[in-house]
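Before any questions on binding or motion, here is one chain by itself as structure tokens, the form predicted alone.
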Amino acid sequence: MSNLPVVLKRELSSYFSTPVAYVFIVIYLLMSATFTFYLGGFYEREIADLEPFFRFHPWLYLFLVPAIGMRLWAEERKSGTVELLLTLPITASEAVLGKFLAAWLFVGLALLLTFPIWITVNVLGDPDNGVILAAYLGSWLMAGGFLAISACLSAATRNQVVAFILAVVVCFVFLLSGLPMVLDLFSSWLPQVLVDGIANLSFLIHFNSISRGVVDLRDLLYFALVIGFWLTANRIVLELKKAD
């Protein structure tokens, strides 16, 4: 992994060499503020917390994170630079991890820039900042899960639009899998242990647990496994495409 910092630095600098990064951050901040203060009823609730802010994160990420992830490999494959990248003295694992970490740090930066909302709730009341900090951690981990899925599917195609659509569909499945209406569809014909397994695949269940301030090792392990699984799949897809 000695070349990982090189790939990471290259990818991070590429984000800020075009207006795309700044447009993404502005859209993310505007949508976060709109959902929090208008749709979430931030002032009407008269409760000093950031529940209205974090409530919409899964749905924001459903479209914004695949928009970041779709270019990770599809753009390289379309322009032919992926072949050049893989001829450099770096391993596929270094390339996959470097690209993923750069994109994850970029999403983390966008998340950090929402700090004025955190300051606002502290000015207006006396929130539990430990719960808010845990919710930020859960939000960033969930974004990592979305991003790992998007990166893997981006490696499977040259078309960024196709990569985006595939990522949204798969992430949507991961979001919905824990909802009662989905579990009811399976509970009548699947053993309970499999229904529980489907429920445990849900991003929502694990994120909601952390966002309530309960930082359970099982939730952290879940996100680590999801990210690890999809990054491994990403490396395998890259190796298969390289052999084409």
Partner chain sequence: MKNWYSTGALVLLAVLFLALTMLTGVLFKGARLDLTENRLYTLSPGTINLIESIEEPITLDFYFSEDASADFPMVRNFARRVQELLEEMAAASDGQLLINRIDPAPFSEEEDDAARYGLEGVPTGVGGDSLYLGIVGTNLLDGLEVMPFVAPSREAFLEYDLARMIYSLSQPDLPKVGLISGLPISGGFDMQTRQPREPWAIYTQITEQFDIENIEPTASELLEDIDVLVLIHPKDVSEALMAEIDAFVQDGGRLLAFVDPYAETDPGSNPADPMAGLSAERDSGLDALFEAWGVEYDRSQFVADRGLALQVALQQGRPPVYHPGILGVTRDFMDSDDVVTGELETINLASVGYFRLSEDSPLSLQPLILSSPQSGPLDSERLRFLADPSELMAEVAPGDESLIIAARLSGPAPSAFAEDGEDGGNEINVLLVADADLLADRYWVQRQRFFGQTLLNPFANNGDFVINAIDNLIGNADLISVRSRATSNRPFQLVEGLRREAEDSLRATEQRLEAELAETEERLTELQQARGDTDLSVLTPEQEAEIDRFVEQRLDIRRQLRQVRRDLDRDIEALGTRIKVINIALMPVLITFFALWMAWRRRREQTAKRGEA
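Values in this document were obtained by computation on a predicted structure and should not be read as measured data. Residue numbers count along the first chain shown, from 1.
The form predicted in complex with its partner chain exists for this protein as well; it is not shown, and the discussion that follows is about that form.
Contact with its partner chain in the model of the complex, defined as any heavy atom within 4.5 Å, is confined among 140-148, 71-79, 92-100, 115-123 to 115-123.
In the model of the complex, its partner chain sits within 4.5 Å of a heavy atom belonging to D196. In the model of the complex, its partner chain sits beyond 4.5 Å of every heavy atom of G108. Mapping the unseen interface onto this chain, V226 counts among the residues with a heavy atom inside 4.5 Å of its partner chain in the model of the complex. The closest non-hydrogen atom of L133 lies within 4.5 Å of its partner chain in the model of the complex. When you look in the model of the complex, the only residue of L39, A48, L62, A67 with a non-hydrogen atom within 4.5 Å of its partner chain is A48. Within 4.5 angstroms of its partner chain in the model of the complex, the stretch 188-212 places a non-hydrogen atom from each of Q192, L194, D196, G197, N200, L201, R212, taken in sequence order.
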